[in-house]
Structures are given as C-alpha cells and as structure tokens.
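First comes one chain, alone, set out as structure tokens in the form predicted alone.
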C-alpha cells in the first residue's frame, strides 16, 4: 500500500510562524509521531511526504532519525491541501493502484488503523476513517466569525447519522486522479478527498477510526496529544 502525507501547511491557527508539524511533542516533532506509526504499519510499503521546500531539510532530518526501512520520498506541495494531494498523486510510483492519504497533523493514528484501512480498501474504491459524533450538532445561520452578529440555531441534524471524518482516507488511484482532474476543471474547493468522490457521485465507505486520532490544530490540541502519548508511553 502507498501512503501520501500532506504536510505543506503552516502554523497560523497554532499561533506559530513555521510549519506546525515541526513543533515539539514529547521531545519529538509532530511529524515524527505520524511517520513512526506509518513506518510501523505492515501494509504500507512506500511513503510520500508532500511539503514546501523550506520545510524539506527539517523533514529529511526527521526521516533520517527514524531510519525508515521503507522508501520515503518528498513531493512539492501546493497552495492548498487539494493542490498538494493532486501533486502527490502525480508522483506515485508507476503501477500504484490504491493509496492512503493521511494528514501529517493526525499524529496519534496507530499502525493498526493504517492496516485496517489498507485491508478494507482492497474491496472498495474509496473509504474514510471516521467516528460517530457524540455531541448534538447545531446548524447556525448568519454566523459572523468576528462576533459582531448574533448567531441563531437554524436546525439540529439527527446525531445518529453523523460521523466525524478523519484520515487515513483511501482510494483507487485512477479514480481519485479523475476526481481531482474534474475538481480542477469545475473549480471545486474541498477540504478532503472524500468530498471530491462525493461530488462525482462515487461511493465512500466508512472504516471505524480511533477516538484518539485527533488533528493537532491549536495549542489545546497539542496539550491533549501530549496527554494521550504519555498514557501510551509512560516512560516518555
């Protein structure tokens, strides 16, 4: 199985001035933990890290420290996650039929989750790791992020039908390439690859994810990730 890791973002929401994947988490960069799980996966045989040139030297140092026993290559990132994944798909080895895509900031995913997604992907064209939503969700209209308006609840969707999307997400390579190409033509802007599949009328299967598989986006997420890792690695 081939794995692409989008890692070309910034640290704006983290309040930093560099790629958040280089921030320290239990004395290792965030990306170190993501790669550690991917390397430990029995199913993954090739890893592509999609990044910006400014971060590549640091990322190369992380890969060297991990002494990865499988190929790890670096791919030029785009201005958006969507563009970055598109670039990554073009750089997959010839003959690659299926690919997992996993956000570099989801540093708590386990090797077992990668293996489970890879196994299910053998029997479908697209899938996402996801977990059932526990909270009641409200749809809000007229919401001003600056707080100048008074948002009001428009509706309450049925929680039993709601799942929180995670990564890995997995797809048939040829089908995902076609979906990305159509997205470019139609000027679709999406936040994950499954959304492109959905816009193309393609089926996306759910694989039960992990409650701990959070995406580190804010300083609060970093603190939670540290707590989880200390539970897993008491000596750290």
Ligand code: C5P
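Since this is a predicted model, take the numbers as computed values, not measurements. Positions refer to the first chain, counted from 1.
Keep in mind that the form predicted together with the named molecule is not shown, yet the notes after this line are about it.
Just one listed stretch, out of 120-128, 75-83, 156-164, 91-99, contacts the named molecule in the model of the complex at the 4.5 Å heavy atom level, and that stretch is 75-83. Not displayed here, the named molecule is approached by residue 105 to within 4.5 Å at the level of heavy atoms in the model of the complex. In the model of the complex, none of the heavy atoms of residue 18 sits within 4.5 Å of a heavy atom of the named molecule. Under a 4.5 angstroms non-hydrogen atom cutoff, the named molecule in the model of the complex lacks residue 3 among its neighbouring residues.
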